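Coming up is one lone chain in structure tokens, specifically the form predicted alone.
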Amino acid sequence: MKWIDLETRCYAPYSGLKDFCMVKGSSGVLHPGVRVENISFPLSIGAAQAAIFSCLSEGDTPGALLFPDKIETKDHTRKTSSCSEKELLYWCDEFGLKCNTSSHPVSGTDERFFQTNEQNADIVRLRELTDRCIIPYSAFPVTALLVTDAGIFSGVNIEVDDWQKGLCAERVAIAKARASGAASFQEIHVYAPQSDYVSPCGACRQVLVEHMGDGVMYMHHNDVETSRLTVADLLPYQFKAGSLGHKQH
């Protein structure tokens, strides 16, 4: 994998900023992260957060944050905005990460990159994933499995000291899928064992509609009861990109 590969995977139709990075976990695996924007801009996910949460959701421990200061291609070299300084400082401080900058593509036979190995999107796997939830404040586990054209991606809810910087399982799965090159999302399965009736929060509904409005959601309320509905039905009269007064990038 090269830096330029990650650049093409950024979802930044509103700002045009191509932010991307990698986190090296204690396992030695490199977890990619890309900017994932939303029409409701406070819900956008930064590259560093995406990479760190991908690492954590796989049961790995983030150790070093890697990002480029420029991109080299056959024709020229150009600078990249990478992650914002404020974002980098927060996440490095939160997890005690080393932060390294490289002008060269991240590649090599000795490197191991994250690849999903999820086989099934079912209640059995959703239940197993609850052990990976990081929920020191809510003690409320939620897991998700996102079915895409690039495979199945897992997500768990992750909380940090700054409550607003935590992410729900659905958004973790979407961020992982984007960084892995997935372009089409077909269905998402969600499970919350402590809830009598599973239902995504308003923020997740807005994000889901943006990335898979025509997709299907399966809400697994318990081991035997499941509800199925289209993602678009989750958020009637949703705010859409067409409402903006300028063209998308």
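Numbers follow the displayed sequence, beginning with 1. Predicted model, so just to flag it, every value in this text is computed and none were measured.
We do not show the form predicted in complex with a small molecule, though everything after this point is about it.
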| item | value |
| --- | --- |
| Among the candidates A175, L126, L146, A169, the residue which, in the predicted complex, approaches the small molecule to within 4.5 Å (heavy atoms) | A169 |
| The single option of P200, P68, G215, P62 touching the small molecule in the predicted complex, heavy atom within 4.5 Å | P200 |
| Proximity to the small molecule in the predicted complex (heavy atom, within 4.5 Å), stretch among 117-125, 175-183, 86-94, 136-144 | 136-144 |
| Contact of M219 with the small molecule in the predicted complex (heavy atom, 4.5 Å) | no |
| In the predicted complex, C204 touching the small molecule (heavy atom, 4.5 Å) | yes |
| Proximity of S154 to the small molecule in the predicted complex, heavy atoms at 4.5 Å | no |
